[in-house]
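Okay, so here's just one chain, in structure tokens, the form predicted on its own.
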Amino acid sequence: MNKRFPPVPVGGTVPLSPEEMLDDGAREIIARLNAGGYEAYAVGGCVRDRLLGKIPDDYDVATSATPEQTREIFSERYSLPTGLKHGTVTVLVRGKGYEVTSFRTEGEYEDGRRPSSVFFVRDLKEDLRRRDFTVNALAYHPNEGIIDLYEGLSDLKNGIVRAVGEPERRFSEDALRILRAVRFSSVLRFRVEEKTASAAIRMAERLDLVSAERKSVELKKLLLGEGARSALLDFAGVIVRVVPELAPCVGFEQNSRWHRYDVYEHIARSVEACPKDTVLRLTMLLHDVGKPSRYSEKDGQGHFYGHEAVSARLAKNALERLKIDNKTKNTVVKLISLHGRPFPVKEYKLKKLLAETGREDALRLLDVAFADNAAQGTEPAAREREKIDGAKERILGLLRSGEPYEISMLKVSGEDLSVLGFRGKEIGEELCRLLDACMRGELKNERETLLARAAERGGERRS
């Protein structure tokens, strides 16, 4: 028998009236399906998130109606056959799409990725039984409240990720659920229940069956979670199956007065220490993967000379294998290759750094340096943060001043120089000389001043 709970807050003071539990579109879809004689419930992540006081990205509806019956109710104009094979119709309500999926059960998962067959059923209980975790197997109806068959409400209150039924069966059906368990522990800051955690680690090799694209989506979400450090440390065996470049880092002691933690724990802590940005967190995940291969000792202290270049190469391989987009990949690789550089003190060299990296990546490098330092956990490292803070203030000051560090910031253009008689590559060369003079403080970035210097040099060139 279904367990039905009245609307109650979970983990906070979230009012769960129908108006606040569901948005207008989800309520309208449920009401119209009910009026047509079918059962319909909000299910999965939208229910979980509302119970946790979050606004869902989208609302999913499960129904006893078949896809064809759903399309009859909402007409072909307002329903799109986006996943008929899996029983899903996208219903449009005032321009917003809602996935409406028929109650279903599934055949055997022969490849560890997708069911061999899908069967539509009339019972919500059968539909919820196939779901991955108890906190995602909750349903909600405006008149019935919360429908909970697998103690999902209790796990939600207690902050637990638990597989529905036997975890081995859930992970055998779809191996991506192994990584999803770790992702939910990070994003929700929940503890993975012991049997579920043990099965995830034991069955991690099944992730090899999952496409790179699906794994990269979960990995990026995991890294952005508030509990990313704990998830990375508790499930290192799962993570290294997705990113094998990290495997040598696990337990690799650094033997350095600058570092308290082994390489992998330092990496996990650095991920937590940087802003929640995909580029930055991927950078921190991979910034030291080259360290084990560059280890050496001198006077009893561990050193990793040249690890930045090795880390950048390994990171490039990992990101390409995970099908990370080129813009993200190239930025991450650049940041990793530069992350070991000390920030310059002199203004001219700071401008050169801005010219080399651009404004956005120079600021990212500061975030990388801070996170790297904060994850070292030693007193000498803590003192270094003053230098990082000082570099940040100087760079921000330069950016506020508007002083040029790129040719595009000069008050003259290539067209101006062509009027003075410069041709072809001479124009670019002269612009570089003018920029360098401005960066050194030898010239002011004023149009007349720059034109005068260029004209003077042009005269020398022609004489």
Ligand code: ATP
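Treat the numbers as computed from the prediction; the structure is a model and nothing was measured. All residue numbers are counted from 1 along the displayed sequence.
Same protein, other form: the form predicted in complex with the named molecule, not shown, and the subject of what follows.
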{"property": "Options 132-140, 80-88, 251-259, 155-163; stretch whose heavy atom lies within 4.5 Å of the named molecule in the model of the complex", "result": "132-140"}
{"property": "Residue (of R183, R281, K291, H287) lying close to the named molecule in the model of the complex, criterion heavy atoms within 4.5 Å", "result": "R183"}
{"property": "Single option in D148, D234, E265, D174 placed near the named molecule in the model of the complex, where near means a heavy atom within 4.5 Å", "result": "D174"}
{"property": "4.5 angstroms heavy atom contact with the named molecule in the model of the complex for G45", "result": "yes"}
{"property": "Heavy atom of K221 within 4.5 Å of the named molecule in the model of the complex", "result": "yes"}
{"property": "Residue contact check: K96 to the named molecule in the model of the complex, 4.5 Å heavy atom", "result": "no"}
{"property": "Touches the named molecule in the model of the complex: D49 (any heavy atom, 4.5 Å)", "result": "yes"}
